[in-house]
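In what follows, one protein chain appears twice in different forms, each by itself as structure tokens: structure 1 and structure 2.
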Structure 1
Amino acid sequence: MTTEEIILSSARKVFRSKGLEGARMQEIADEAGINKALLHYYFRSKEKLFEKIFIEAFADLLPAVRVSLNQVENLSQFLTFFISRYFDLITELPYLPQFILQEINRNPDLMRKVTGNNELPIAQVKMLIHRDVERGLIRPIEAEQLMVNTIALIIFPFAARPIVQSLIFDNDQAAFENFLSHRKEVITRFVLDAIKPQNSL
């Protein structure tokens, strides 16, 4: 590993757990086992270093959103794929959601630096919905509401972990882990059930 990589790795660790304002350049330097001046030698300023880490964090999440809609037969299949990919990714990077939420709320301008051609495929989801409603496979629902709902269900327990763990599981960590362990299936079923056609009642 080059010094630059070591720095980035340390910065990642510190920034992700403490945010821009909570992080200290000294702590990043210590974590990397180097002098504080070296951080500035490689990345001019705290802001610049942070921006690298933040953009990278966002980039880690966005690709999972772009489930190849071509290979998908219907909305349920798309949602199943989407939930599966996204949930697995967040499980491996559980700190990212809260990190991104926090920093975007602190400085909404950061959004501009990360939004490229990576928007959610809302238009395509709309088409899938329209087609499946016509076929009687699902009930009508706005694509935006459906996607926000789906993402909310995936991300929330990770972003609000300490609160959920305390308020719902009375700080029983094992109970919370168990809760997470089959949550992917719970979410998938919840969403699919929620959009089943009305005439099936």
Structure 2
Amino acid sequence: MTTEEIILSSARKVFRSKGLEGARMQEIADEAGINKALLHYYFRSKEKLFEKIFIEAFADLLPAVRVSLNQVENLSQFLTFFISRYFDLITELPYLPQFILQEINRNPDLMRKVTGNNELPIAQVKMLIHRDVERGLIRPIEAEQLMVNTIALIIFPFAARPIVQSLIFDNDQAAFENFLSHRKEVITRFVLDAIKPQNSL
């Protein structure tokens, strides 16, 4: 592994255990086995380091989503794939939503920098919806509403973890982690049930 790869791997571990706000550059340097000056040579700030991790994560996700849309037979298959991949990404980097909300306000061009030419292909999702509605497989729904609702269901427990863990789980971290372990399957069932045609309910 190169020094940069070691730094990124170490940073992921520290961000995962300490969060974006709690992580310190010295901790990342210690985890990587390098001095802090060398860490700053590669990445000027903690935010720049996390931005690199963020960009790499989405560099894998969005092309995979586009490929999936060309391979699936129906919308349900696509949604199952999308929920699984996106949930796994956020689980791997649970402080990603916090970073996005914080950095988008500071740097509105960040998402364009991250996605490049790999935006979420809403036009293809619309085509899948139209085809499945005509087949009687799903009820009519706006693609934009469907995708925003799905992404919100995935992101919210991570973005609002202190609130959810406190109000619903009485600050029981083990109970919250157990909740998350079933969350992917629950979201998938919820979304697929929501788009079923009326006569199948």
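Superpose the two forms; the largest set of C-alphas matching within 1.5 Å is the rigid core. Please read these numbers as outputs of a predicted model, since none were measured by experiment. Quick note, the numbers are simply positions in structure 1, starting from 1.
Structure 1 or structure 2: which matches the form predicted together with the DNA?
Structure 1.
Core superposed first: is there a CA shift of 2 Å or greater at residue 24 between structures 1 and 2?
For residue 24, whose C-alpha is compared between structures 1 and 2 after core superposition, the shift is 2 Å or more.
Is there a C-alpha shift of 2 Å or more at residue 188 between structures 1 and 2 once the rigid core is superposed?
Superposed on the core, residue 188 moves its C-alpha less than 2 Å between structures 1 and 2.
Using the core for the fit, does the CA position of residue 167 change by 2 Å or more between structures 1 and 2?
Shift of 2 Å or more: no.
With the two forms matched on the core, what distance in Å separates the two CA positions of residue 47 between structures 1 and 2?
In the core superposition between structures 1 and 2, the C-alpha of residue 47 moves 9.1 Å.
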